[in-house]
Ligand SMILES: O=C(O)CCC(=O)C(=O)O
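The chain below stands alone and is given as structure tokens, in the form predicted alone.
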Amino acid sequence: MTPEQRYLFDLNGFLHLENVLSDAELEKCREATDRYMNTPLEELPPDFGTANRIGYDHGFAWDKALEALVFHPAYWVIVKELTNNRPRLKSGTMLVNLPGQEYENQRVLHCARDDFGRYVTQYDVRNDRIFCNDFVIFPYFWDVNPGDGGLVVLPGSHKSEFDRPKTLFDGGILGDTPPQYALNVTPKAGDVVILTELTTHGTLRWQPTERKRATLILRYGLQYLPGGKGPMSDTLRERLSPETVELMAQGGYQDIKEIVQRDVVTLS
């Protein structure tokens, strides 16, 4: 990470990287996203699809253009730093908000401290490096403009020593505008947001009537900790490149995966 990135991530609990995806990458990711969304459920491979058509299971594995984002060079070095060179990809759902559709479960402020307890997710700084054992990377495929809705964060909440009072922020239920002290993050197509799960966040109601919001939810953790959605299915393993299978594998406390030793990872 650059000194600027470390400062902003440590200050806010998230990082907004602009213009990460090239036009060619963006075009391929958009095509793959639309193709996944438009494929009838009965034609999808086993373990793919979704019941509510918002979180598309294993979206990162649908197409090689999407799978390649797991190792994108703009943030691969950040993944390695945050995990002390012991990363594991836990999952990669595709998130889509369509015009006119309501998703109440998204519009609740939450964080890992609320969901799993105070000591499960860790954040620390040592020797000018940041360590975090649970974070998410969101590459965006379409623009999110001010007033559209979408991601809301409470900057700095990843360091809070106090539990969030239930009386704040309308009990944590979000509506159409961010509450006081919260920030609505509005990435453009090709931007990427990196968020520690300790940062309190949620989603505002999606407002546009003619545009969707689509991103991958790439969840990273430590190779020697449990987490994710259980053992990898044969269907998923067969679709993935060996590099991604290695990244998703568990490892020991001191093990360094071969792919982690590479500055640039290309799918084979």
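Each residue number is its position in the shown sequence, starting from 1. Worth saying up front: this structure is predicted, and the values here are computed from it rather than measured.
Omitted here: the form predicted in complex with the ligand. The next part is about that form.
Student: T203, R213 and I217 - do all three of these have some heavy atom no more than 4.5 Å from the ligand in the model of the complex?
Tutor: Answer is yes for this spot.
Student: Even though the partner isn't displayed, in the model of the complex is H110 close enough to the ligand, meaning a heavy atom within 4.5 Å?
Tutor: Flag for H110 set to yes.
Student: With the cut-off set at 4.5 Å between non-hydrogen atoms, does A182 touch the ligand in the model of the complex?
Tutor: Close contact is absent here: in the model of the complex, A182 is far from the ligand, nothing within 4.5 Å, heavy atoms only.
Student: Can you tell me whether F71 touches the ligand? I mean in the model of the complex, with a 4.5 angstroms heavy atom cut-off.
Tutor: F71: no, not in contact with the ligand in the model of the complex.
Student: Is there a heavy atom of I78 no more than 4.5 Å from a heavy atom of the ligand in the model of the complex?
Tutor: Output for I78 is no: heavy atoms all beyond 4.5 Å of the ligand.
Student: Out of W142, F138, Y123, F169, which one falls within 4.5 Å of the ligand in the model of the complex, going by heavy atoms?
Tutor: The residue in contact is F138.
Student: Check each of L151, I194, L174, L89 and return the one that places a heavy atom within 4.5 angstroms of the ligand in the model of the complex.
Tutor: Spelling it out, the residue with a heavy atom inside the cut-off is L151.
Student: Looking at 56-64, 234-242, 33-41, 217-225, which one sits within 4.5 Å of the ligand in the model of the complex if you count heavy atoms only?
Tutor: Contact-bearing stretch, as computed: 217-225.
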